[in-house]
Structures are given as structure tokens and as C-alpha cells.
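A single chain, nothing else alongside it, follows as C-alpha cells in the form predicted alone.
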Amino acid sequence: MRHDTMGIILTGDEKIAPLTDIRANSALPIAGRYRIIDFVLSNMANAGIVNVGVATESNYSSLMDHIKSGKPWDLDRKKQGLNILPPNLEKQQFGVIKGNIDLLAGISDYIHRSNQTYVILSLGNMVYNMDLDAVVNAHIENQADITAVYKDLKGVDESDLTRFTLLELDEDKRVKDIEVQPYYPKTTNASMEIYVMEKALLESIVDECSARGDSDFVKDAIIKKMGGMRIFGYEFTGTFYKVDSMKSYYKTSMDFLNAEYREELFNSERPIYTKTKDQSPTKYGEEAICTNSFVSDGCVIEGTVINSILSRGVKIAKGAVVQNSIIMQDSVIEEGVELNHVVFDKEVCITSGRKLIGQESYPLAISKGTKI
């Protein structure tokens, strides 16, 4: 167990309409039976961290229902364990959350009561499988004030780099400069928004920023204090996704159909845990065709499914064809329907003979409970 380190997950406020109209982005279903937050939580649990706080901002009922007491991650403990932390608007100016500093200020009592020395601060909309124990050890070895985990996105389109906070490093991997979503990137070292520091330093940063009315952890804390702190980068070389748009959500989900990415993300040495549901196995009809797809329990497939991801309880009728699509829980696809490059939220019903076609770069998204 890593008793000297606590974890804090910020669920963020990136909007991916219509999927985040009813849930936090960290609670988005992915790979059929998982949620995005499962990856961050599992990484912390696999590192032996026994005190994890999940700071929420809005639309957090779905997230709370999913993680509950934290049992799947072995965090259902009498002391510490998993703590779900709704926003404390009393500590925000005018009762409005303007940034992640406001979220951290709202949970300052929880941070102060925790008895760990170090803290791992991470956003909850990242998909990766990493040895966080090694990150903390590197932080201690470097005698760093802050360690920022990054991924070198060499070869990625420059337009895609603008989604990230970029780190400029010297030969010792000490951070020389930081740019937040620059229009003209000078480096390809993308921050994964995972930071390791002493808990006392985090408390000091939050208190000082709150007193000055600052609201952004990177812009108002790290960048302004960079000259007086030892900030080091820790390079992660594995698969990493940031889910902050419909395009990135669709690409991340569909990449799970690639065996190479799937085997790395679902590493048997560091398992990814999730809430379990007991349902019957999927039933396949005599004429059913299913190739290169993720199919969860409880589905009924009588039509054709190709390169798609189906969550629990999805029904595909005879003659229906679903390609390159993401269909969430309890959706119904009736006879003769043709779907390609679509993303359906829960309980969507598409009646007989309909045809819905999106594009890989712009998938067609349908909100929960819609009937077409």
C-alpha cells in the first residue's frame, strides 16, 4: 500500500453534447461496460493508494451511482477509501465555480484532514494505464516540488496539439516553459494533467490563489510560480487519450477495437476495474453477423454488427445493420435500420426502416431516450 500518497480526481466541465447533458464527462460510458473515470481510479488503486477524493462540479448523480462506495477498486474502507466530494459553493466567490482552483478550495477541509505527505492530482477525462507508483518514486528521487506527467505526441497534427497544455523541457527534464493550448505549438510534449506534489504545497497554492481571486491551477499557480519551483516532467510512453470533444470520444472508443491498444490499456498486471452488473450472456440469432465489435452482456443480436461497440441490453433486430457506431445501454434498433458512424446515448429507439449516417470526423450523436 502507498500510505504516503493520496489521490484527487477532478471530473472537469468539458461539454460533449448531448452526452454530457445528463452526466459528467468522467462518467461517459466507454468500451461497452466501463466509464472513463474507471481508468484513473484503477491506476490509483493499482498504485496502492487508499485515500482518493473525486471532486465533482455538475451533473454528478450518474458518476456517484457508478462509483458509490468504491468497492470494485477496493476503496470501500472504514477510514479514508473513496470520497465523493460535491461542489462546496459557499467557498466560491458569488457561488460560481470558475476553474479547478475553485474546486480544490471547495474540498480544502478534506485535503487538510488527510494525513498523507504527497498528492496525485489528475483530471478524470483521461484514458491510460500507468504505474503511478513509479511516478511518485521519481518525484521523490528528483527532489521536485511538482512533477508533471507528459506524453510526447510527435507526429500528431499541429491542430490536435492545440488541445493540450505543452511542456518545454531541458536535458534533465526540468520544465522550462509551459503553454496552455497554444495556437502555434513550440513542442510536442503534451501534459497529461497528472501532477505529483507534497500535500502542503497544494494547500499553499490553493490558499494563495483563492485569496487573489485566481481560478486556474496551471495558468495562475504553476506558470506564475515556475521560476521559484523545481518542476520536472515524467514521460509516459504508453497509449493515452484525452476525451474533451465528440471527435475525441468517438476516436478513443473505436480504438478499443484495435487489439494492440486494447491489450495495453487492459494490462493484466494493472487491471482496469469497474462496477459489475449481473446480466445474462448476449443472445445471437441464427442470422446474426457480428465482426470486430465489443458486445456487452444482456444484448440480443439478430442483425449485423460491424466495427461497433454495444453496451448492456442493446437489441439489434433482423435486417438491421450497425457499422462503426457506439450504441449505449438498453437502446433498440428495429428491423431494416441502417446505422453508420453514430453515437447513441442510453434507451434510444430507432424504428423500422430508418437510416442514420454520420462521418468519422463528425459522428451523429443522439441524446438519451430519443425515439426516431
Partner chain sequence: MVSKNCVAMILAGGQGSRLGALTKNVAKPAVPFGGKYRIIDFPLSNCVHSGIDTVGVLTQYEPLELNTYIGNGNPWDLDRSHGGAYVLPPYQSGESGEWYKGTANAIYQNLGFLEGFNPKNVLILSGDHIYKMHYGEMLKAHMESGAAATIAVMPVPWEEASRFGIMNTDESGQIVEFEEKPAEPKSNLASMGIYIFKYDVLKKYLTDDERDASSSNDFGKNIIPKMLADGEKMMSYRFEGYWKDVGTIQSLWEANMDLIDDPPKFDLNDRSWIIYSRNYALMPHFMGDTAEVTRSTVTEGCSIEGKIDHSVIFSGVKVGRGAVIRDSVIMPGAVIGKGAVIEKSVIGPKAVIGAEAKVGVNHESEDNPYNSKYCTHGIVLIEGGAEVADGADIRKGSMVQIED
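Residue numbers count along the first chain shown, from 1. Every value quoted in this text rests on a predicted model; they were computed, and no experiment measured them.
From this point on, the text means the form predicted together with the partner chain, which you will not see here.
Student: Consider the chain as shown here, without its partner, and state which of Glu198, Asp297, Glu208, Asp152 has a heavy atom within 4.5 Å of the partner chain in the predicted bound form.
Tutor: If I apply the 4.5 Å criterion carefully, the residue I get is Asp297.
Student: Among the candidate residues Arg230, His112, Lys283, Arg77, which is the single one with a non-hydrogen atom no more than 4.5 Å from the partner chain in the predicted bound form?
Tutor: Here the answer is residue option Lys283.
Student: Where, among 129-137, 157-165, 112-120, 297-305, do residues come within 4.5 Å of the partner chain in the predicted bound form by heavy atom distance?
Tutor: Of the stretches listed, the one contacting the partner is 297-305.
Student: Can you work out whether the partner chain is within 4.5 angstroms of a heavy atom in all three of Gly99, Arg212 and Lys219 in the predicted bound form?
Tutor: Spot residues vs the partner chain: no contact at all.
Student: Decide whether Ala288 counts as a contact residue for the partner chain in the predicted bound form under a heavy atom distance cut-off of 4.5 Å.
Tutor: Answer yes; at least one heavy atom of Ala288 falls within 4.5 Å of the partner chain in the predicted bound form.
Student: Is Phe266 close to the partner chain in the predicted bound form, meaning a heavy atom pair under 4.5 Å apart or at it?
Tutor: Yes, Phe266 sits close enough to the partner chain in the predicted bound form that at least one of its heavy atoms falls within 4.5 Å.
Student: Though only this chain appears here, would Pro29 touch the partner chain in the predicted bound form if you measure heavy atom gaps against 4.5 Å?
Tutor: It does not: once the partner chain is placed as it appears in the predicted bound form, Pro29 has no heavy atom within 4.5 Å of it.
Student: Heavy atoms within 4.5 Å of the partner chain in the predicted bound form: does Phe240 have any?
Tutor: Contact with the partner chain, no.
Student: Are there residues in 261-277 with a heavy atom within 4.5 Å of the partner chain in the predicted bound form, and which are they, in order?
Tutor: Residues within 4.5 Å: Arg262, Phe266, Pro271, Ile272, Tyr273, Thr276, Lys277.
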